[in-house]
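What follows is a single chain, given as structure tokens, in the form predicted on its own.
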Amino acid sequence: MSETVLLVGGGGREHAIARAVADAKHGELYACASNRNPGIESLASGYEQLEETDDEAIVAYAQSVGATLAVIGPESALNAGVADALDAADIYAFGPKKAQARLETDKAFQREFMDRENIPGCPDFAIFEDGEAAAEYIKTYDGDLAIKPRGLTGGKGVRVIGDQITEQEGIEYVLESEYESFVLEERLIGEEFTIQAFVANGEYRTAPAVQDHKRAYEGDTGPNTGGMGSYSDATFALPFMSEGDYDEAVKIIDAVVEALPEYNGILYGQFMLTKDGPKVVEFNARFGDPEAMNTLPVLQTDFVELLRAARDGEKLPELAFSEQATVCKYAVPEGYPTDPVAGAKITIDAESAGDASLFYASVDAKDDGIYTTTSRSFAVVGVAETIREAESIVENAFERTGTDGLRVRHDIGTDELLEKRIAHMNEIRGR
């Protein structure tokens, strides 16, 4: 039986989801988003321009196309209760309801949940409802802190004392910031990685680990972004970690799923591999962007069959991934993220990308071509036997098509950066 799948969202992550649905045997895709993504539009039978937070309009569109399944991409839609609204209309939504999505959308809830349920890997933390109290805590805390606004910030609100800013700058941040409530946590030192788990009916299946690169510029410098790119290896672990490290992180995911039996959708664990093992940086309640573009291209299991099993309460299929490495690099407008300049014409397309895959994110499709906006423009992904080969595929695509008006973190996935990661982890572990 064919399924009609509604995709909510129009970024690079959603383009990867759209391709996974299009590649499935029994799925017809419809999509809705606030922007027009030409990559998703080319794969969908219908595309409606709607705000991702407009639950009533999304339900009406889902009903109009006869949707039997829905996949929710962005956290803003989850926070708006779109999954709740779709489920209330008897349309199965692969994405947690608003109450469960608080695991991402409310960082104070996240840490209190971990503390209450004895979830392993929780750092020391304190919650503050005003900047003055947060500033006083920073002054008296013995050590460096990660400063996190309580709600959603698009991956750009966190400041880390001793890494990005000084203690005095941290005090100024909480006093002068647009945000009012903060979670202050001990600074975790190590190497970050993420694991995305497919969760439904009290079960879960995990994907290979991915390392994202938040900092804007090469050498891990500059302000945080939504993610400049990422890589995964041909195994489930990454070069700087062991299979045992991966398994320890999965035990943390296991504890969360056990404590939230009604959770449904993607559970994304962002971990810091420290000298004491994996610690939780945060949880997200949806696919990562860019991590979805590493995971879904190597997923061999039929994505729609996975969604169908989740909806019907059946045992989730064991996930099969090709034993290949991936490298994803985002092209962003010049000046991103602090002072982005829109309007550059994008010269790359699916055909000119060659062996690489192209995923559009935030672009402006006009009659005479596709142009940049002020957000991340598109991602190029290479898949190969090794990280080195996958990285070369991406770079070859950029060299053929050019990047005028765009900026890329070319160091992602390179031997030099990988060796730096391995050396850093060996130093932390005293090897």
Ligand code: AMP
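Because the structure is a prediction, the values reported are computed rather than measured. All residue numbers are counted from 1 along the displayed sequence.
The discussion below concerns the form predicted in complex with this ligand, not included here.
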Practice prompt. Could you tell me which stretch in 350-358, 313-321, 156-164, 256-264 has residues with non-hydrogen atoms within 4.5 Å of this ligand in the predicted complex?
Written response: 156-164
Worksheet item: Between the options Asp302, Asp245, Asp233, Glu185, which residue brings a heavy atom to within 4.5 Å of this ligand in the predicted complex?
Response: Glu185
Worksheet item: Of the options Met241, Met272, Ala197, Ala200, which one has a non-hydrogen atom that comes within 4.5 Å of this ligand in the predicted complex?
Response: Met272
Worksheet item: According to a 4.5 angstroms non-hydrogen atom cut-off, is Asp87 in contact with this ligand in the predicted complex?
Response: no
Discussion item. Would you classify Lys345 as touching this ligand in the predicted complex, given a 4.5 Å non-hydrogen atom cut-off?
Written reply: no
Worksheet item: Within a 4.5 Å heavy atom cut-off, is Glu112 in contact with this ligand in the predicted complex?
Response: no
Worksheet item: Is there any non-hydrogen atom of Lys107 lying within 4.5 Å of this ligand in the predicted complex?
Response: yes
Worksheet item: Are all three of Asp220, Glu334 and Arg409 close to this ligand in the predicted complex, meaning a heavy atom of each within 4.5 Å?
Response: no
Discussion item. Using a 4.5 Å cut-off on any heavy atom, which residues of 275-299 would contact this ligand in the predicted complex?
Written reply: Val281, Glu282
